[in-house]
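What follows is a single chain, given as structure tokens, in the form predicted alone.
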Amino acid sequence: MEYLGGKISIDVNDKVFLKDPRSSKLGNKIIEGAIDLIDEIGFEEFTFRKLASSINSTEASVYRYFENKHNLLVYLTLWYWGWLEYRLVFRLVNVEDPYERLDRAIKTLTEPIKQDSDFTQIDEVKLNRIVISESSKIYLHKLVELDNSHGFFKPYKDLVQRVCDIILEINPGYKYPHMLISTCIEGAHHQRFFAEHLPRLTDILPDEDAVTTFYLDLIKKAIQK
């Protein structure tokens, strides 16, 4: 994270892009348009030609910023993880009790996403839907080790590590903190998707956010000494 012109900016690995989309109006239009279009038609149907048409630009202009659509999806996903870590850090400021910090952390990772007024250029609600349905494509592929060697997944690792540190503060002997938190994040995403599209695969309860309540209960029980 860094501050640009009095505003918070989420850093993204510069190996992901050819030209930083934050550096120009067109670059920002590409990011905003990509979020809108991927959310609307899905990543499989998404192409740079369709994106260029939707933002009244050219396909060649999009290629000046990103080598391919895979790297564009990586950019969007890394930005999301960086933003989620920013939210986590903000919610944990001046909270000394590790149990309260763990509660806040789990809620940050599992609660439904709302629009963030600090980042008006990004629709976090749409981006969350993209991450839920498409983000596994950035690491479930044959070249994942190469991408990992470039540091593409550091924001996700940093986010997981922050919560792992809280767990180990509560129970230093707990052996599976990374597995528990990555399962929490991915599982919560799946349960949100199931609730909307495949409700018989989850539990929807009246007057309760069952997903967040489930993971609060699961994690607290798992780390009991």
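Residue numbers run from 1 along the displayed sequence. This is a predicted model, so every value here is computed, not measured.
Beyond what is shown, the protein has a form predicted together with the DNA; the following relates to that form.
- Proximity of residue 176 to the DNA in the predicted bound form: non-hydrogen atoms within 4.5 Å are absent; the residue sits far from the partner.
- Although the partner is absent here, residue 197 lies well away from the DNA in the predicted bound form, with no heavy atom inside 4.5 Å.
- Looking at residue 186, you'd find every heavy atom of it more than 4.5 angstroms from the DNA in the predicted bound form.
- Contact check for residue 46: a non-hydrogen atom falls within 4.5 Å of the DNA in the predicted bound form.
- Scanning 40, 67, 158, 165 against the DNA in the predicted bound form with a 4.5 Å heavy atom cut-off leaves one residue, 67.
- Proximity of 26, 57 and 63 to the DNA in the predicted bound form is complete: all three residues have a non-hydrogen atom within 4.5 angstroms.
- Figure note: of the listed segments 168 to 176, 189 to 197, 46 to 54, 32 to 40, the one touching the DNA in the predicted bound form, with heavy atoms no more than 4.5 Å away, is 46 to 54.
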